[in-house]
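Okay, here we've got a single chain as structure tokens, the form predicted on its own, with questions on binding and movement later.
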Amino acid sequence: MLFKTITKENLRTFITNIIKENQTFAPVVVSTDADNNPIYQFKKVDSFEEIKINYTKSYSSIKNFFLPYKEDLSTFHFNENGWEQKINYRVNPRVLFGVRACDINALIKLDQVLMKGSFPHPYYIARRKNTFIIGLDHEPMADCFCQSLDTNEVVHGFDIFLTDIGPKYFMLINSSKAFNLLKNITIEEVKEEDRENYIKEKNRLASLFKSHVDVTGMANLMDIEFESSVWQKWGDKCLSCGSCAMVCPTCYCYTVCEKINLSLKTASKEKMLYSCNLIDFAEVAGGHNFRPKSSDRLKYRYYHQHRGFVESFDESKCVGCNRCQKACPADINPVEVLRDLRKENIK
């Protein structure tokens, strides 16, 4: 890891050059919510001026750049002599600018499963290795609890990470690719004043978190409270719509279906992101459903995040971005669910 600083003007020049030479995605305003607040999303940009550099949080995460909602795993072409299968997972190089620390940490968790796991996913790996990530610090929103899960800081999983320290950005350079790209841009050595400003800014950002939840020993608590009435309480609210999984930066469950063209000359095998909250997720051949109740499905989602993933990787799958509550039509708040399990809400 290299530590440098870059002036805001030079950063603008750097990003402008990147946009000219690469397919670049950054946060832009796509709409407004019911309270007239801007809704941000990562979209392709053609100039630095389009970028909302001080955005709060994108509605859905950058996960969809690596795990698209739908993708063809393979296509088939039939002829008189048999059939041919075509598989394509090549991805052109691209840049994501302005990624938040919690979303980078979410990618690191996906890496554990889809790159380093027992069954590496070549489609994910191709996208991950061909994406240049520039992260950016920000002030937390009132409902973010990523500090509780240690995902408000990031030490790897990116190429460049920036923290605003006034007239400059404090820059973490974490790849040789980043170092080479910066050769034609003026960057400076870190001075004592820069270090002091950086530490002050990091302390200021840390002090702004308002939402907290204690996840100490949560894996054991999940087992102890497996039959808790808490699951029924929140399960009764759940509409089993799967919105939480669609915006979650770490949910990766999927289903696969095969489609045959009516001409019987072509077919495709399609993968689609799915959710353990959906009613048919645990349904098997013959029609038996292992989790017919919404309370069981909701419990399983939390169990995977704070028990199953911890058992495999020694960390929770959740990063505390709270997108799930924002997207949930029933306003299910993960912080309150976990507090209920700890009996913190009992007076």
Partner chain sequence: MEFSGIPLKKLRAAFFDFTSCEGCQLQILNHEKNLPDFLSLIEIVNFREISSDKRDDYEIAFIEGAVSRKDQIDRLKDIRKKAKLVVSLGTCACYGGVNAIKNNFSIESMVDEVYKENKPETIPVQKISEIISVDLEIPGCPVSKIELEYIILCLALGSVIEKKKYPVCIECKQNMNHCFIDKGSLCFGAITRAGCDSICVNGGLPCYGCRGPSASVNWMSLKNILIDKGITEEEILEKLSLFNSLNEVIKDEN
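Small disclaimer: the values here were computed from a predicted structure and weren't measured. Positions refer to the first chain, counted from 1.
Missing here is the form predicted together with its partner chain; even so, the following discussion is about that form.
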Quick one: does Thr56 come within 4.5 Å of its partner chain in the predicted complex, counting heavy atoms only? no
Gly135 near its partner chain in the predicted complex, any heavy atom under 4.5 Å? no
Taking heavy atoms and a 4.5 Å cut-off, does His156 contact its partner chain in the predicted complex? no
In the predicted complex, is there a heavy atom of its partner chain that lies within 4.5 Å of any heavy atom of Phe179, even though the partner is absent here? no
Since exactly one of Val113, Leu149, Cys238, Met171 fits, which has a heavy atom within 4.5 Å of its partner chain in the predicted complex? Cys238
Using a 4.5 Å cut on heavy atoms, which of Glu50, Asp296, Glu315, Glu283 is close to its partner chain in the predicted complex? Glu283
Can you tell me which of 98-106, 179-187, 241-249, 220-228 lies within 4.5 Å of its partner chain in the predicted complex, counting heavy atoms only? 241-249
Members of 44-80 lying within 4.5 angstroms of its partner chain, judged by heavy atom, in the predicted complex: Tyr59, Ser60, Tyr69, Lys70, Phe78
